[in-house]
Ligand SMILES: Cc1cc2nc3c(=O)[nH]c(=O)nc-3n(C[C@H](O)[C@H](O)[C@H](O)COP(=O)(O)O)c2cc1C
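Below you will find one chain, with nothing else, as structure tokens; this is the form predicted on its own, and questions on how it binds or moves follow later.
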């Protein structure tokens, strides 16, 4: 069994070492809540652009700050490069979050063009000004998410993590891929272990957690303090229940049956209708398509769901399609 210990990020104590990654375009309130309810000890918000948050009017800002108390502990992720703007944005997010996460890992071309996100993997020394300014302006623990380097020829994960630590961050999230990799190829867990061996703050490992076995192996082999699941949790919040059971209790839970996945999807649709302040049917439909993963006849189910034009039609299709034998 994986070692059990007190899981903390500075003063924030967590129930287990599992967390949900900050998935842009995925982590709506309903999804974060469901992942939390299924076992994620800490859920991350989607990336929020600090400059956009500061410049927005009240209505625009409200649309960027869709959070509810039931999903806490919550980490809100900010992206930016101007320390002053990053600090100014804190006033808007602090009432909602338990930790502030700084994004130094997004590989999107537009983000790189603005010299933000994973741009810092090529210039890690520039993280210091941002981290130290934000950490000095809030009493919330500040974490930073990094990549292991710009490309395979310029791995600098240990040096970057030490910069994060020295600048005052309470933990570092290490995505085990380079900026050039994006989300392709295999994550380098050896690099995560090397970071854990060299820093004195908690390390959160990220990359290639598709199953409970993956989460356990990451914790065991890298010795990191927490494991972060991202794409593996899309349409599958149950992954966190499996992870918690295996890691905390040593019990492997079977994958859900198609019928169980149907009930979880219907649960998600009900939750979405209850907690989302602004209902976006296209968002709900996309989540329903993700929930098909692992079900019998997943491709045909996705096709039928993609044709739904309303929540009521979506529910009818789900009940019908998930009752078929694939």
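Numbering follows the first chain given and starts at 1. Please read all numbers here as calculations on a predicted model, not as lab measurements.
The same protein has a further form, the form predicted in complex with the ligand, not shown here; the description that follows concerns it.
Among the residues 149, 230, 124, 202, the one placing a heavy atom within 4.5 Å of the ligand in the predicted complex is 230. Taken together, the three residues 235, 287 and 314 all stay farther than 4.5 Å from the ligand in the predicted complex, as judged by their closest heavy atom. You can rule out all but one of 22-30, 50-58, 292-300, 64-72: in the predicted complex, only 22-30 has residues with a heavy atom within 4.5 Å of the ligand.
In the predicted complex, no heavy atom of residue 157 sits within 4.5 Å of the ligand. In the predicted complex, residue 209 approaches the ligand with a heavy atom inside 4.5 Å. Among heavy atoms of residue 273, none comes within 4.5 Å of the ligand in the predicted complex. Using a 4.5 Å cutoff between non-hydrogen atoms, residue 103 counts as a contact of the ligand in the predicted complex.
Residues are counted as partner-facing when one of their heavy atoms sits within 4.5 Å of the ligand in the predicted complex; in 49-81 only 77 qualifies.
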